[in-house]
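Take a look at this single chain, the form predicted on its own, given in structure tokens.
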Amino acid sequence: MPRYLLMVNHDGGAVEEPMDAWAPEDIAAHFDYYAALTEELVASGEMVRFTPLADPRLARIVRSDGVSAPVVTDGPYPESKEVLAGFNLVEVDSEARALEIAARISAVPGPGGIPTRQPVEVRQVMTDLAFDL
């Protein structure tokens, strides 16, 4: 069965204020929606992994030539307005099902229950090698 990586991007979308400015009930509704969807996908056997990522302001970029000391800089894409917020790895019957799940993720509620409409990039996994030791 094919696996798809659903990359949840944050680009501001329909929600302009950062989550730390949302009302507590809106934050709870947002995470309750994700929890319910995750439980559903785990129960159906489609969820392989769900991994939210930390604030992109904490990200670092490492560049190395393999010889000199690596250069470490702040942030993933400082000139970009879009950042990867997290990802889901699902194992589904078809690309259509992966797109359906991505649409539900994109519709996660934001402030006032308005769907955030965050873009979710869907890419099929070509090879999945496990390195968990």
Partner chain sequence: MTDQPVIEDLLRSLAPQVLGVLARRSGGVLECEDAVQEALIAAARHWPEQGVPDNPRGWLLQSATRRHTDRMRSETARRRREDRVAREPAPPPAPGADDSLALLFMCCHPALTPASAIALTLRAVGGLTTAQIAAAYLVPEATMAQRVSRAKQRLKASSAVFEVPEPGAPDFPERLRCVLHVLYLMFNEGYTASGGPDLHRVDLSDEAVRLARRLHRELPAEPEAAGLLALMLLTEARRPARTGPHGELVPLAEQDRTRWDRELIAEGTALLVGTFARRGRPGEYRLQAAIAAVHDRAARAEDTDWPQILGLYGLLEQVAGSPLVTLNRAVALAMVDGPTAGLALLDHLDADGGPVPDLHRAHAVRAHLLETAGDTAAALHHYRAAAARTTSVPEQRYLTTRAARLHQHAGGRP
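Numbering follows the first chain given and starts at 1. Quantities reported herein were computed from a predicted structural model and do not represent experimental measurements.
Absent from the display: the form predicted in complex with its partner chain. The rest refers to it.
Of the residues 61, 99, 107, 42, just one reaches its partner chain in the predicted complex with a heavy atom at 4.5 Å or closer; this is 42. Although the partner is absent here, residue 65 sits far enough away that none of its heavy atoms falls within 4.5 Å of its partner chain in the predicted complex. Within this chain, residue 52 lines the site of its partner chain in the predicted complex, having a heavy atom no more than 4.5 Å away. Heavy atoms of residue 83 never reach within 4.5 Å of its partner chain in the predicted complex, leaving it off the interface. Although the partner is absent from this view, residue 17 contacts its partner chain in the predicted complex, with a non-hydrogen atom inside 4.5 angstroms.
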